[in-house]
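Shown next as structure tokens: one chain only, the form predicted on its own.
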Amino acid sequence: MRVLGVDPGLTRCGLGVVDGGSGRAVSCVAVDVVRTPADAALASRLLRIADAVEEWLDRYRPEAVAVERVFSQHNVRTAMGTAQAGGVVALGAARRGLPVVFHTPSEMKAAVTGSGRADKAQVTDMVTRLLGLPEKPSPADAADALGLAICHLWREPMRARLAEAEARAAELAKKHRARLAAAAKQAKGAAR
């Protein structure tokens, strides 16, 4: 499976494509960072990110897109910009019918390093090792994008199985409730 990982941001938006093989085997296909000038209009910055993501979706043809979920940040303006960039990415993927999954930073860190509290240097080191890269991806946004793709490759199969099991359980519960209601109705009718 091929996954496009995206670490959204207005100033720097990390993009990384990773192929997953059997087991936990992963390999880097491409990595880069889209930059937009801080003094440019918001709409222009979002358009630049959207164009770059669309180009990557067309060029690398991922089967899924993993985006970092915006979590509480002290700077509301930064959080808004990050969320807007993530929305642009999700829209581009949705137009192609691709599944989009949002992973929290701690979820990605735990998948890649084993600790949800890992720092950026630890994530970069582990991404470099896991993908067998000759040098560390830079800046950290690039490493985070690759980490998000790896996280998705390793966690999504379990998440999908869990969702399938929950759907089956809900269907069985629905059938059971219907049988109970029918039995109660039949018992009520027999008592008359």
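The shown structure was predicted, so the numbers you read here are calculated from the model rather than taken from an experiment. Quick note: we count residues from 1 along the sequence shown, nothing fancier.
Keep in mind that the form predicted together with a further copy of the same chain is missing from the display, and what follows is about it.
Peer 1: At 4.5 Å between heavy atoms, is residue 166 in contact with a further copy of the same chain in the predicted bound form?
Peer 2: Outside the cut-off, so no.
Peer 1: Is the gap between residue 122 and a further copy of the same chain in the predicted bound form 4.5 Å or less for some heavy atom pair?
Peer 2: Outside the cut-off, so no.
Peer 1: Taking heavy atoms only, is residue 88 within 4.5 angstroms of a further copy of the same chain in the predicted bound form?
Peer 2: Close contact exists here: in the predicted bound form, residue 88 approaches a further copy of the same chain to within 4.5 Å, heavy atoms only.
Peer 1: For residue 54, is any heavy atom within 4.5 Å of a further copy of the same chain in the predicted bound form, or not?
Peer 2: Looking in the predicted bound form, residue contacts with a further copy of the same chain include residue 54, since a heavy atom lies within 4.5 Å.
Peer 1: Would you point out which of 28-36, 63-71, 143-151, 124-132 contains residues with a non-hydrogen atom within 4.5 Å of a further copy of the same chain in the predicted bound form?
Peer 2: Every other range fails; the passing one is 63-71.
Peer 1: Taking a further copy of the same chain in the predicted bound form, would 42, 47 and 100 all count as contacting it (heavy atom within 4.5 Å)?
Peer 2: Checked in the predicted bound form: all three residues contact a further copy of the same chain.
Peer 1: Going through 75-108, which residues have a heavy atom within 4.5 Å of a further copy of the same chain in the predicted bound form? Please give them in sequence order.
Peer 2: Heavy-atom contacts within 4.5 Å come from 76, 77, 79, 80, 83, 84, 87, 88, 90, 91, 94, 95, 100, 102.
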